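A single chain comes next, written as structure tokens; it is the form predicted alone.
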Amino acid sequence: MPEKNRMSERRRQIVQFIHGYLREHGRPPTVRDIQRGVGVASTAVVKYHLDRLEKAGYVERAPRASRGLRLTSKALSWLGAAADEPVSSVVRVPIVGSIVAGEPVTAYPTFDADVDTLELTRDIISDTENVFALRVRGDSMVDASVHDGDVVILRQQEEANNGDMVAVWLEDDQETTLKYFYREGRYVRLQPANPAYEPIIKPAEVVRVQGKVIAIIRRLAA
């Protein structure tokens, strides 16, 4: 049976709507956009069909991002679209909060239903699985070319190697910070990249790695 005939009419409509919306607006639709555009009864129905389309390999979704939809090459082939169209070359990374490059402060990245997203091309980030972004506050990493107002892209992970730039949660202080990671026996040294700041030395058991920096996006000058 042809590929097209194995997809229900409603799911065909959803894939076609997503493709048209991407071409017109340059960003993915939200679930509510799809509900209105396709004319279904509720967002729950849309989510059900998106779940089925994701399992069938037609769409990919960034977790906890309202505009995290992406059509796969399988969907583009079904639509008769070229696999290298610009619509398929853009990825969206959720911006889940701020990280301090300076003295730690009480803050923790939060994943909200309607978090902002950062649009990047696949030559910057080819794989968005478990990837998130944080806005930088402070100047303790300036010698690593991370400035106040920049955005860092991180891959979510709980382990780090010496020399990795990481976001860490300090359990004893209930604080978060961005530093270079070094394990030294039973302790972890969190090293700034600015001689004006002292390293932070903590017992390894209270340091929780949240993610490793894999890219830095510069803030554009006003």
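Since this is a predicted model, take the numbers as computed values, not measurements. For every residue, the number given is its place in the sequence shown, counted from 1.
What comes next is about the form predicted together with the DNA, which is not displayed.
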Checklist entry - Within a 4.5 Å heavy atom cut-off, is residue 56 in contact with the DNA in the predicted complex? => result no
Checklist entry - Even though the DNA is not shown here, does residue 189 get within 4.5 Å of it in the predicted complex, heavy atoms only? => result no
Checklist entry - Does the 4.5 Å heavy atom contact test between residue 23 and the DNA in the predicted complex come out positive? => result no
Checklist entry - Taking 4.5 angstroms as the cut-off for heavy atoms, does residue 67 touch the DNA in the predicted complex? => result yes
Checklist entry - Out of 180-188, 151-159, 167-175, 46-54, where are the residues with a heavy atom within 4.5 Å of the DNA in the predicted complex? => result 46-54
